[in-house]
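What follows is one chain in structure tokens, specifically the form predicted alone.
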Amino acid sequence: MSGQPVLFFDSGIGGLTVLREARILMPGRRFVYVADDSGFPYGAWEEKALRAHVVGLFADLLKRFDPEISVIACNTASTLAIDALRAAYPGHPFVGTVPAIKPAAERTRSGLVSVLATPGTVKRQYTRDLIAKWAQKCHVRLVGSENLAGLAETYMREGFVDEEAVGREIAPCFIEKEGRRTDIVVLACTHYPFLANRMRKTAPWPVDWIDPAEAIARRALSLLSERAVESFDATDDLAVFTSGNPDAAQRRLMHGFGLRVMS
């Protein structure tokens, strides 16, 4: 088996939703998961500084792990830094994560679609360009959540989340207009699928929640070289925290996903 892993990068644990799908599609591949916990949450950063931060991290990550491809499993980092990453490291394939606005526009029946994202993703021109290109015939509401990513982190680490808080965060997604209702909510942050069951429970009416994780994993698979699947030791899959000092809950979570935490 080739020694080159597939690298997943996120501000925290959200990218694990994409890794989960990748493991199904890519049996026999080796994975490295990088959680930029020293930079979390990305919403607190000024854009220029965050872009430089992410690009700078990859100078070490590419040298250290020599991945075949890198998956930026984070909407904020992708919409902000993917072009800068490709410019800084030409020849290395980067797979980005963008809001699933096109499939939402194709699937909606009411024409009312909401995009649930971090405030940074909501305000970025990249997101508005996607709407202009793919969803001109829809009414798209952009909802920037300040707290959902943090709630997801807490839920995955502690096994508990305040359902009322989740309900408050998703409430602006649901609108009624001329007898029609929102029927699709795009989950434009990889953290959010971890709270999907709580979202369904607290939603005022049923909607189709679009999770882009499988599509991202399929895109990554399409860029990988073809080779025979070989067995490997599960401890080859690694989790890396940029702080270098994950707590016990973070370690347990990574172990639960079959990842060995690097010290």
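For clarity, every value in this text was computed on a predicted model and none was experimentally measured. Residue indices: 1-based, along the sequence shown.
The same protein has a further form, the form predicted in complex with a small molecule, not shown here; the description that follows concerns it.
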Answer range among 156-164, 174-182, 86-94, 187-195 for contact with the small molecule, defined in the predicted bound form as heavy atoms within 4.5 Å: 187-195
Identify, from the list I170, I101, L80, A149, the residue with a heavy atom within 4.5 Å of the small molecule in the predicted bound form. A149
Using the partner position in the predicted bound form, report whether T118 sits within 4.5 Å of the small molecule, counting heavy atoms only. yes
Proximity of P67 to the small molecule in the predicted bound form, heavy atoms at 4.5 Å: no
Partner proximity in the predicted bound form: F40 to the small molecule, non-hydrogen atom cutoff 4.5 Å: yes
